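Next up, structure tokens for two forms of one chain, structure 1 and then structure 2.
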Structure 1
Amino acid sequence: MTDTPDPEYRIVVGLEVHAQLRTRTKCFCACAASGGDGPNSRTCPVCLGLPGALPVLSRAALDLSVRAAVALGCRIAQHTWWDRKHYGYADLPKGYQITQHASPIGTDGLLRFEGGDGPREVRIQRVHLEEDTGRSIHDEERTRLAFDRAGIALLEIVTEPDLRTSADVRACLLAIRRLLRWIGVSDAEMEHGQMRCEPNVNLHIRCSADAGTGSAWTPTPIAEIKNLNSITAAARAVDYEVARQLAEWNATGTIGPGPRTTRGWSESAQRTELQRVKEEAADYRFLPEPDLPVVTCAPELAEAARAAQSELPDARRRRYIDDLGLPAEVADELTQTLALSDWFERAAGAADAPRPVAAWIVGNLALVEAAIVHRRFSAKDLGKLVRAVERGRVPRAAARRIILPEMARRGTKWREIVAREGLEMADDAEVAAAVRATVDAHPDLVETARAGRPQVLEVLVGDVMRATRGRADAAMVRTLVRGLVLGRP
């Protein structure tokens, strides 16, 4: 490598995201999409590609695909159909994949998201429905083929090359995953293979006009990084690929059009590795799938999806910030799932205090998520507890340490816990008596405080809070202690 300084350049990244749809059966047959009793237990002649087997399109897969395209703001095709994409892999039993090439379900969409340093948007080139492939499982001695995944309904989202940093790649993938979960299209668990992404990365390098490039910005060849199964890996792969392409340019001094390459990501080595020169469309020998009809009902399905679509996460997040005054990071947490966001809104309505409820939910997120899943307590229960705390009827510390954990563990109503444990807020006379008793019991601390070390009074405050079992207001206790010991608040 030469010591040539890095030239002026910009990063260009587009994403291909594959998400398994939340359907009961596979895309073109009646095999179960999940479950099974062992390898290759969820297969049939259709997904194994046996001669004479005919595919039948899943209506559920079509509905979910249209729903996703609508949520991404796509233009919905009046007529859409499927094609055969030919290539030879051992885990592709038919020798082709049923996908959409000429007429995807949705095109020309837009996704807005919060990037590393502000709002971003990425254009959606296309959204289409296809079948997943099988899996090749390699070990030192052999390769085993698993076809349970073959034929599962797979949504592919292809963006335009609008991303410029690995931070924006990460943020965009998080936004896509959140949206797919929000609208109920996919569970999108990357660690379970339900969502995979393939960044297409290259650089545009500024070159002088006399260098023979003919352009102020000249691209390096595009590298497609295959089947990344975590968002962190995607960001790291993009960073590595940028550095690799830049180092290659510095070493060779050459730039310009070249063959696209497919590269794999090595998690152990934290680097991309060349797999092959990328096929062009002609290499796949696309032809219309003759056993599936042209679909003409996508526009009607899109109208139904628009009518049923709830407020999308980016819009709801913005409303929480602008209308409710929530901090951006709190609004982010509350819009991670539709279930959590709806739960928050019900709790905030019961409390008539959105900001305190938001703080309670985010501060106790694991308890709240468990409550949503197991129905241990309702949003209304939490809202009313928060309202009682905010109005000074229930001690905040007792609510956090005692009441909420028992609600989550046993489903006990908060009023029952308060009554059983005597957790109503202590009245002024009880607090004053506790302060007097505590001060009288610690003459050494009183003497130390009066000698010029008032910080020791916090020990007395803690003793009073314990004596009242957290039922006193800490600020009030602190004021009373300082007044009694030092003669001033």
Structure 2
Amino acid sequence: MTDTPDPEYRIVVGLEVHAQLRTRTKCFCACAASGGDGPNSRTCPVCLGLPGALPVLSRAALDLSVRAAVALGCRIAQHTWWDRKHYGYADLPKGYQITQHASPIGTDGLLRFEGGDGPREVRIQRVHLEEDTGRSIHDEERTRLAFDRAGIALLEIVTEPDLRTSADVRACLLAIRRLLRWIGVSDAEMEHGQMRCEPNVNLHIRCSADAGTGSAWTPTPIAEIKNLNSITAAARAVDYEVARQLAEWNATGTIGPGPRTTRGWSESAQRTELQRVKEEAADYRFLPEPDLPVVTCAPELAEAARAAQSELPDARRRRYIDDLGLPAEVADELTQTLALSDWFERAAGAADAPRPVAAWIVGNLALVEAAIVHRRFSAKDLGKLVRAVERGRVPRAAARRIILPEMARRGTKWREIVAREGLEMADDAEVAAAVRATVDAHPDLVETARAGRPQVLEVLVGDVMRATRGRADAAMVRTLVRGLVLGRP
């Protein structure tokens, strides 16, 4: 550490996110997008770039891309086409990647999300559809190539450099992932390579002495960080990179805008390592892809996507807080996936009581999520149970300890369990009888209570609750016991 105090600075981060679209086939051929039987089993003349083979755009990939662009609030291109991006690499079958350069499907979008300490916005520069490349697998002796990923449909989302903290980077990535899953365009599992992100990081440092540019803020060279395999790693890499750029600034004191660099995140070393310096932008010699016609139907598809789009997670979260009065953490939890959120709404409808239902779901999340997947019980089942509890017809403790676990384990209907176990609330006469019997059985405690220590009566309340197996209302039992023993409530 140097003794120099850190200068005033701000962190500037933009994201490039690649997400594998949930299509059955690859982007430009009929090969399966997943599954397969070993390396190079999911290949054909098109995705291997064999002579004479031609790409044909997957309609599903186009649909999903437009859906994503709409959900990200983008302007949709009237004319959208593909471009060939040329570079030479052994796992790039055609010597070019089919991507979108000049006419991305969506531009000028906006994503709202909950940042580290409040609501945030990030502008979306562009959303486009492109193909993945193959994979090079290096070992000591040789490099092997697998083309199963080559031609898989990827959505690329590029944000403006609007993020200012690593916590916001993390929150933004979580929000993008949640949105992509929510609208069904990607499974976005980073550990399965279905989502990749490359943050572009630099600092703007307050530098009053910079007479050269006349600007009070001097940018450090932008570093693009690759090899990130989790959202946590992305946040850590940003933290590391901020510290590194700051240290470099402190050491040299003069670094200004320089060449962009590419740095790789090393998970084992927990640091970024220099991969290459881009002295000038690589010349990709973009050529409009002559094998694919210009697409003019994106606005129509967008119209359909808008009509079919369900409420998006951020809006839904807001509504849960503002209209349903749910606590923010509960609203967060319930809007993690569209399936859970929709399930909650159905349950809340059946119970006619959103807040208790929300509490029940969040309090038993693992059970509920398993129930959704395995269809053990329905949202309506849970809603009706919660309603019965809220109306005092089913004991709360029994519902939590006995009924819900059995519903989740066996799929038994809750009414059945209640009937079988005799779990309906005890009626007044039964409660009164139980109270009398308990009081009669403990003259010693009665005496102690009457002698000025009424708190011992709680033992009797507990006994009554046990005797009724929780089927009585504890407050009512307490009143009855006190009335009987002390002659007052």
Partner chain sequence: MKPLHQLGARRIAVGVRAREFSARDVTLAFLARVRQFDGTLRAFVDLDDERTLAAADQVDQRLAEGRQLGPLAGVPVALKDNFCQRGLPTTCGSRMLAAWHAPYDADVVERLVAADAVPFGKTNMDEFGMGSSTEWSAFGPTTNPWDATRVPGGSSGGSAAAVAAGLVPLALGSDTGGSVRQPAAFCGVFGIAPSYGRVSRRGLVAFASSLDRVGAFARQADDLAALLRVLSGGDARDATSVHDAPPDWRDDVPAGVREVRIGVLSIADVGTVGSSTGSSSTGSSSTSGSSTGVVPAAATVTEKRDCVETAVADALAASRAALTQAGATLRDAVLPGAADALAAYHLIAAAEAASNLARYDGVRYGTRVAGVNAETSARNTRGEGFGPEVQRRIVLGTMALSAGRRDALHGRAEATRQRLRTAFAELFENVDVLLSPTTPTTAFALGTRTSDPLRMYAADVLTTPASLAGLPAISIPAGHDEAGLPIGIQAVAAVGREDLLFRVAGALERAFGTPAIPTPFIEAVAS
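Rigid core here is just the name for the largest C-alpha set that superposes within 1.5 Å across the two forms. All values derive from a computational prediction rather than experimental measurement. Please note that residue numbering is based on structure 1, beginning with 1 at the start of its sequence.
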Answer check: the form predicted alone matches structure 1
With both forms fit on the core, is the shift of the CA atom of R24 between the two structures 2 Å or larger? no
Residue shift check between the two structures, rigid core fit, D139 Cα at least 2 Å: yes
I need the hinge angle between the two structures, given as the rotation of the smaller rigid body against the larger one from C-alpha superpositions, in whole degrees. 15
Taking the rigid core as the frame, how far in Å does the Cα of A432 move between the two structures? 5.7
Quick one: how many Å does the C-alpha of P443 shift between the two structures once the rigid core is superposed? 8.7
